[in-house]
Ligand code: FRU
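One chain comes next, on its own, written as structure tokens: the form predicted on its own.
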């Protein structure tokens, strides 16, 4: 079908047209940041997966390159699913999941394929390199995907999501001397996931954390309400045993709309899919569906994953807040710094009866998109979701910095290293911002995104 993009976010990555989901192969190569992503260029629905491709000098302004991988080769007849990238011998290598549908069900094959490039643009496929011959019998080759590759002490290592034939999701570790011949090492956790299937494992050896996603996981209070969620564990892989030595764990993001976060190779920064499975996507009518989050600097502090947005921007307006203030902003970054903050109410994208509301209430941040604009509905039926609510713990520190990254269809909220990310679809002319704060002191600053022509 022919697609025309009629509207787009100002600086978040989308496909040129069509559908996107997971970020893939995040890496710095030949002087550019590369971000690949799952992409269906022919429709605004999920379909035959390609690898879309963008590059950037500053991680804010992204340039489209030709599609890097398209289905149809040995092992990827029906799709080039998620994976990761590594630089080796001056070349850019992509390790990704090849999808062959066969007759469906257990006859599906998801096996790991390899591609290489000398220029970071054109890729040569090498077919399947991690096949059924190295997958232990107790795991299903129909659910075996999303390889994350890295180099340690001269050996290539790879985490891959898998499912036990009589169980749930697992994360498996493999190793190789040359990227072509791999051997199984271990099941890094050794227990089933809470959700039906694990996806998109990601390991950052420098910082010491493991990310993964769980599909159809049960609710856990009012924190894990998304039926598909992103988790992290602080710790390190013991290469002698192939086990992950966990120190703590938590949730990656407290908002409605983030999935499949991946770390940039050689840099402690992540991007995720700024959307969610099993929900409607109102932007379809504009010719695109799905975005990527802004890159986020990540660190481990007090055994907790912390994130800060990476956005090229410059100060445009600031003021001290004496109780309340108003502004107009659709695209930009808002930073609110307060001392002895007791209460806060922030209405964003205000226009007529529409607005998105963030409040500080009873020791937690409460995000409310119930009257943001076009309705976003999904499979979750809990009261918070039905009322457009998500919650995030408040640090309670004496000095508080609240940061909101705003674009046409999204809000990414940060405080004390925690993040809360959600899509919104307000009217185009909803530009108002209203802030009420009860604090010893409060300062407001708005930054404009530095967009290149």
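Not measured: the values here are computed from a predicted model. Numbering follows the first chain given and starts at 1.
Although not depicted, the form predicted in complex with the named molecule is the subject of the following passage.
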property	result
Stretch in contact in the predicted complex with the named molecule, which is absent here, among 358 to 366, 195 to 203, 163 to 171, 371 to 379 (heavy atoms within 4.5 Å)	195 to 203
The named molecule: the contacting residue among 139, 182, 81, 244 in the predicted complex [heavy atom, 4.5 Å]	81
The unique member of 44, 60, 385, 38 whose heavy atoms fall within 4.5 Å of the named molecule in the predicted complex	38
Distance check, residue 145 to the named molecule in the predicted complex, heavy atom within 4.5 Å	yes
Residue 317 within 4.5 Å of the named molecule in the predicted complex, heavy atoms	no
4.5 angstroms heavy atom contact with the named molecule in the predicted complex for residue 266	no
The named molecule contact in the predicted complex: residue 277, any heavy atom under 4.5 Å	yes
Contacts with the named molecule in the predicted complex, stretch 9 to 44 (heavy atom within 4.5 Å)	21, 22, 38
